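Only one chain is given next, in structure tokens, and it is the form predicted alone.
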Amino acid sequence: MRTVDLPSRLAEWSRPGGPFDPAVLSAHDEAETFPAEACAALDAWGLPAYYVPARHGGRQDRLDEFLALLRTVAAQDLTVAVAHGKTFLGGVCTWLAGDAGPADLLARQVLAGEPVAWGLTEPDGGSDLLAGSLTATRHGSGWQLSGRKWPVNNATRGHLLCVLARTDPAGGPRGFTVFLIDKRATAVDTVRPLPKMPTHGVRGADISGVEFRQTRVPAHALVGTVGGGLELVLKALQLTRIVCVSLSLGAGDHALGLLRRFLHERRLYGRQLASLPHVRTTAGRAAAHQFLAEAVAHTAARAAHQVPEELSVISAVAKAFVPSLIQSQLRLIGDLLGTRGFLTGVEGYGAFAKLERDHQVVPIFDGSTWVNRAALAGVLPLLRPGRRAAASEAASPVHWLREEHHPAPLDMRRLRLMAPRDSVLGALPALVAGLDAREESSKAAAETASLAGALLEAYERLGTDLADVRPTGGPPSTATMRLAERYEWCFAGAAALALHHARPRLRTGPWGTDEAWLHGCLTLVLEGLGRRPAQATRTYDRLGTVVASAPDVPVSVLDDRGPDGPARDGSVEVSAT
């Protein structure tokens, strides 16, 4: 079996009566019932093995490949991806703690198909983890838990639940501890499921909660060290936030597929819809959103292996930026689909309303857009351009984004709560300087250099504005949050440029000819920074023409499959199961 096999299996399962039959999944959505058939199919295929690090017997050794797998599932149905992928989030604290005993025990459970939930939030606490009131007190050789976690994905269906509990009544940064609870091993009536919550999107997912009533758990339920829970969770979030953006990429894939079908079928004023300039430029803008989201997500996934010390910044940028960008893309596509985007009875197009509803939850997962942007805003003074020397060549994203580069094993011990630098955005001056050397080689290269030069100017202006920012306690000001948003756009532009530098093949093909995809990304970035390039309409029109005229070409710079070709990413050889 190869992971590249997953798309074909999903296509097979999507036939009438299959577990991914859109009618079946739509019925689950309407009835707010769990998509058990689809999750069972993924279990049988072997997806749980990719939630377990290779050192614990699983198949996960590259985060970029894992993102590609979850993206593929999300492109078929976002609810299923959310419901199934939650197990990775539930297990990551245990992998990160590094204790062989609990990690191996959890690995065996996950490999057997057991879902794992992650209980962080509480009814009155929201994203303020220090406000958690679920307590764990010592009881004999073990612990006793009392309190609630809510809302929690898979809280009712999952037998295993990883929770953050207050172990010091005074709380504080060292007052919380992580526990891995096996509900099957607790006394009767001491663990009570809280009712499933009706939700606007992902209606079929098990979004519920759990209440512990003086629940006794053994000593080996402890994950990491007593008092080390908050640090463990904050480091785990650096990985889960990157994984969450794969859900957005899948939603974008799904929406673009519906748009391409619509452009092919729809005729207006006696001609094909795509012949209208506004439609083409809007479709091209939607494609540029996808390319830019890919560049950020893929760079973040590779960074987890190469520069994990910087992940507190990079993961916050990715989680704040990508879901928001895809939400904006969905609005563009919804405008083009018009009525068909909101009717459920028109064959095929009813899926758009569902995926648009489903995706609205992604920006909230593992810290909302505001939470992640605020985390970035808090460290902006440390990231001011020129504050630190440029990273070494080995730390440059151009080095570790090369297609032939095999990422270093993911070393979770190198994660830090505060990043000393940002190698991606820090590489921007060198990336732009590299473009100057080929500026006169073609008209497209000259245009790239011009766009990149404008980005560098915007980055330097950001640096000037950051000089006046000082670290403060409490929530950041609105002005500082605006600076953080500008930082995200600059980071996205740098990621796209680095990917373009690192992979020569991205300068050919339907998207790479005349550097079309890169021009789309940089144009979008400059618009986000408040500057609209003169050639913006032409750039989007060119991308929109490919969207409409080459339906078999994936809207992706990471996957250049032809109709029968292999994928470049997410296609690793694994043994048969």
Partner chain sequence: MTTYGVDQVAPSDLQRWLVERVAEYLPDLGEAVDPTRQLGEYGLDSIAVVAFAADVEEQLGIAVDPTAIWDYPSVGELAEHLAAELAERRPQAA
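Positions refer to the first chain, counted from 1. Note that the structure is a prediction, hence the values are computed from the model and not measured.
Just so it is clear, the following notes concern the form predicted together with the partner chain, a form of the same protein that is not shown.
Figure note: of the listed segments 399-407, 246-254, 488-496, 224-232, the one touching the partner chain in the predicted complex, with heavy atoms no more than 4.5 Å away, is 224-232. Under a 4.5 angstroms non-hydrogen atom cutoff, the partner chain in the predicted complex has T472 among its neighbouring residues. Put simply, P420 is close to the partner chain in the predicted complex: some heavy atom of it is within 4.5 Å. Heavy atoms of L194 never reach within 4.5 Å of the partner chain in the predicted complex, leaving it off the interface. Taking non-hydrogen atoms only, R387 approaches the partner chain to within 4.5 angstroms in the predicted complex.
The contact residue chosen from P173, G140, G126, G453 relative to the partner chain in the predicted complex is P173, the criterion being a non-hydrogen atom within 4.5 angstroms.
Shown without its partner, this chain lists A502, A374, V361, L332 as candidates; in the predicted complex, only A374 has a non-hydrogen atom within 4.5 angstroms of the partner chain. Using a 4.5 Å cut-off on any heavy atom, the residues of 368-385 that reach the partner chain in the predicted complex are, in sequence order, A374, A375, G378, V379, L382.
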